[in-house]
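Here's a solo chain for you in structure tokens, the form predicted alone.
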């Protein structure tokens, strides 16, 4: 039981990352009905931005706590900036184009971001060591080892999830985003700046990728140029499981996917190398059983 509990603790960390990525997909789809497949590469861009920030902070002699704040802040800002640029320069001009055009465009943008990191970042083809900025060690509780860094990152990730939920549902900006998502033309007639609101919504969705990238680097102490590919697939799967367009559904989907992976590793250790395959097979079965997701978005038009 202690071993299973340990696996579940690790799965909680993975689920937090998956949930953050899934929230981004949900926001993009909710606002513009767009499946933005460059989302994973935006995550990678933010993580590498955080790595550059760590190098700069070390060179400037920042204390470790300030370096940590600086790394996370730059990761979030880099992802938000490129997300807003993609929205303003590519998504909005193609908003009336066929969905396939939008899908291909986001895939190509993601590939361009990924290849630029691989080609132009110093030694970009190889994995990069991410600095260890959190307290090391941990403590045992009933046979379960709790890592200090893991607990801090899980708490930070969950706090950011609630912050995004609060912004979307409790602020005037969130009201404008929800109005645009419901009916863009009506929102315009009510005086809402449609272009700015969409750009901000995409920036917020991309910020979740930046936080996920920073959490990944800080927890696993390593990032690479292709890390966003599998995280995007899993995040999108999580969003589909929960009900695309539903933020809470995306969170539930993220933890459910991590739970499936953890169950394979804990209960079928001989198949641990196939944890993603088995989890995706279960996702396919869930989608076949409930195509609209476990927590489908309210509203007949969306469904």
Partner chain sequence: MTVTSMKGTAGQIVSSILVTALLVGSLVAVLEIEDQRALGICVAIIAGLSFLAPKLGILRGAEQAGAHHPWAVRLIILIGFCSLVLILKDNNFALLMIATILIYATVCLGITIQTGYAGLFNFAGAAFLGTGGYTAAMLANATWLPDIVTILLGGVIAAALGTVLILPVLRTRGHYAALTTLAFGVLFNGFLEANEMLGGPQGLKVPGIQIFGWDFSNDLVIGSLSFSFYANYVLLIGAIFALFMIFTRFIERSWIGIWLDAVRLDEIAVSVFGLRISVWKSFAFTAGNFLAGVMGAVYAKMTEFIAPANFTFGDSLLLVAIVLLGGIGNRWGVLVATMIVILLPEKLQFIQEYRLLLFACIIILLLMVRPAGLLARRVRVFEERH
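These figures come from a predicted structure and were not determined experimentally. Numbering follows the first chain given and starts at 1.
Heads up, the form predicted in complex with its partner chain isn't pictured, but that's what we're talking about next.
- A residue is said to contact a partner when one of its heavy atoms sits within 4.5 Å of a partner heavy atom; residue 52 fails this definition for its partner chain in the predicted complex, lying far away.
- The closest heavy atom approach of residue 178 to its partner chain in the predicted complex falls outside 4.5 Å.
- Proximity of residue 101 to its partner chain in the predicted complex falls within the 4.5 Å heavy atom cutoff.
- Although the partner is absent here, residue 251 sits far enough away that none of its heavy atoms falls within 4.5 Å of its partner chain in the predicted complex.
- Between the options 107, 155, 173, 196, the residue in contact with its partner chain in the predicted complex by a heavy atom within 4.5 angstroms is 107.
- With the partner omitted from this view, the residue of 190, 159, 73, 119 that lies near its partner chain in the predicted complex is 119 [heavy atom within 4.5 Å].
- Annotation: in the predicted complex, residues 37, 229 and 274 each come within 4.5 Å of its partner chain through at least one heavy atom.
- Annotation for 233-272: interface residues with its partner chain in the predicted complex are 233, 236, 237, 240, 244 [heavy atom within 4.5 Å].
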